[in-house]
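Only one chain is included here, represented as structure tokens and corresponding to the form predicted on its own.
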């Protein structure tokens, strides 16, 4: 009827206005219907998720004790929601309980579904698939994950690398360390958490070897500082000789490597490296050298540290004073004596400041 009325309008301008108004009303009706459908679909999805959680949570909780022998049927349309629920429980539990969860996941055939999700266009689905396959220790997905670890997206590539480390750390870590060194878009803190989970026994030798290998080529040297920072997670005894070799190449590697290498030293026989860099032209290397002598220095280092009390940088003076305070045979009273005998006002202030800290420590 509306169309008939519009067609009866003789004035073209009024007819165009009436058609526009009718179209707008129709568009509003369509949008309202679409919104209602979307809300209905979301409500249905939430209801299905609650039902899935109600049915599966007792089964997943049982995995803390033993792998269940019977469990509810997992429908095809529920598998994606199940992945979220399963991963949540997996990350809450530890040890044997995680093995029970893997047995359950294999029992419901979730691995093939997760592998197919790796080809999804949705980043969220691909990330959940990688997390699941990592937790499942799914060796069949190693090749696909290896390719994704070289993806240009930092989010996708790092998720793939983390899954590979979980699936087979012994074989995958040596292959991924050059990528870890080169990919500055991978957050070092997240990498450190992943390596910490693997344990120092697993990561110490590969890390040290990768750092040395990277230091030998000009094209890979920019990645050495990242690897050296990660070596703080390794066993000190396992990387001792490697740190020595890196410091021998200090002139090629620069202060970004020297400073973290000095922080790795824990053997008094390596104190000569700290003494060598006390006069380095970069202030944070001098800080690292003084801090190292605080740990492994001897009484003979007193005379070497005293000049640093007059350094232009506050942190150098502060660390040098703390190193002096911790040398064998040093006491707060001795720091007061040194402060009284120096002509440098800044050195005297710092010595008194650190002496006060030591008294109240």
Partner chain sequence: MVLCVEDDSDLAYLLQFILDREGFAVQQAADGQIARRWIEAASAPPALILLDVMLPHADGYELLDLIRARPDWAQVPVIMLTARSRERDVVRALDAGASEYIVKPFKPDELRSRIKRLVKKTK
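No experiment lies behind these values; they were computed from the predicted model shown. Numbering follows the first chain given and starts at 1.
Unshown form predicted in complex with the partner chain; subsequent notes refer to it.
Check: For the spot marked by 305, 328 and 338, is every residue within 4.5 Å of the partner chain in the predicted complex through some heavy atom?
Finding: No, none of 305, 328 and 338 comes within 4.5 Å of the partner chain in the predicted complex.
Item checked: Heavy atom contact within 4.5 Å of the partner chain in the predicted complex, the stretch among 292-300, 318-326, 24-32, 56-64 -> Single hit among the candidates: 56-64.
Check: Is there a heavy atom of residue 95 lying 4.5 Å or less from a heavy atom of the partner chain in the predicted complex?
Finding: Within the cut-off, so yes.
Next item on the list: Give a yes/no on whether residue 140 approaches the partner chain to within 4.5 Å in the predicted complex, heavy atoms considered.
Entry: No, residue 140 is distant from the partner.
Margin query: Taking the partner chain as it sits in the predicted complex, is residue 200 near enough to touch it, meaning that at least one heavy atom pair lies within 4.5 angstroms?
Written below: Judged by the heavy-atom cut-off of 4.5 Å, residue 200 is well away from the partner chain in the predicted complex.
Check: Is residue 91 close enough to the partner chain in the predicted complex to count, meaning some heavy atom within 4.5 Å?
Finding: Yes - in the predicted complex, heavy atoms of residue 91 and the partner chain come within 4.5 Å of each other.
Next item on the list: Heavy atom within 4.5 Å of the partner chain in the predicted complex: which of 282, 188, 85, 103 fits that? Just give me the one.
Entry: Selected option: 85.
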